[in-house]
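Heads up, the chain below is alone and in the form predicted on its own; it's given as structure tokens.
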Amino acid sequence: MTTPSHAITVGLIQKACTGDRAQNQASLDAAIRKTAAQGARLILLQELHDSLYFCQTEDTEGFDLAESIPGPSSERLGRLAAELKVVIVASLFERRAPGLYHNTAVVLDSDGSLAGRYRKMHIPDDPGYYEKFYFTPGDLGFRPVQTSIGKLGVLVCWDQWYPEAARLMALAGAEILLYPTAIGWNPADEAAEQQRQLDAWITIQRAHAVANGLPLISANRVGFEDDPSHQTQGARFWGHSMICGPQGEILAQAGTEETILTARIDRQRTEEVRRIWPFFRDRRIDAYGALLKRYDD
């Protein structure tokens, strides 16, 4: 039987970004306030929410967007978290040292403190997504962040395609999986290919919830962003942010417009679901050694 203490309202913010960083931050802060007013105690923001998605091109001026952690953005969001008494998961471009940068998610607890951070582990390098130019792979591992509302398994965008990442977060005690994301369509692709990509993206994340018996929150950006180099047709970010339960059931899902989503989740259902689907009990850990190889040939 579930108890009220296990149930919380969670929220996410799906937005389009502009080239005006101050405008993005002001708009986001207002949206955080609205989300909190709807009862959310945990609020997830999309990947690299303070700027346009600069990784469409390789440009050293892009590094000017990075900042230290703690730094201006984490401190601003920390003050907001303390004022609203919510936990905020934000996505920042971290300047760790000269020439050393990460794609980092920070978790601001409801008292405003920096509860922890996660540095993106899987870094893509594809046309329009040149992240290896900017980001050093994370070195903090797959460790949940302890907060006042529980342990949060925070991962970032490209991480969402890897079942190993979600599983390791779950094995380390994560109670909710969270994915700040920036993913979109190549406008040059035909409609059928675009639909296949979107369906795959939704399916893989729901599968992480199912395989681990965990609720999951994924926040993506929306809107068209031009390629400054004009080498591609830009990116149309497809939104479809969602909140899932531990059987992969969709509790709330957006379309392609700016929106705020909230849903009530009950973390006690993880216990209930894992009793009827005992995947953790039946794992053959004695037979998984090949997972540590690049390819088992």
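Don't overthink the numbering: it's just position in the shown sequence, from 1. Quantities reported herein were computed from a predicted structural model and do not represent experimental measurements.
In what follows, reference is made to the form predicted in complex with another copy of the chain, a form of this protein that is not presented.
- Partner contact region in the predicted bound form: 153-161, out of 109-117, 153-161, 220-228, 83-91, criterion any non-hydrogen atom within 4.5 Å of another copy of the chain.
- Interface membership of G173, defined by any non-hydrogen atom within 4.5 Å of another copy of the chain in the predicted bound form, is confirmed.
- Proximity of R33 to another copy of the chain in the predicted bound form: non-hydrogen atoms within 4.5 Å are absent; the residue sits far from the partner.
- In the predicted bound form, another copy of the chain lies farther than 4.5 Å from every heavy atom of G78.
- Although the partner is absent from this view, E257 stays clear of another copy of the chain in the predicted bound form, with no non-hydrogen atom inside 4.5 angstroms.
- This chain is drawn without another copy of the chain; in the predicted bound form, the residue among R264, R269, R41, R236 with a heavy atom within 4.5 Å of it is R269.
- For the options S68, Q247, T57, T232, the one in contact with another copy of the chain in the predicted bound form, meaning a heavy atom within 4.5 Å, is Q247.
- Contacts to another copy of the chain in the predicted bound form (heavy atom within 4.5 Å) from stretch 276-290: I276, W277, P278, F279, F280, R281, D282, R283, R284, I285, A287, Y288, G289, A290.
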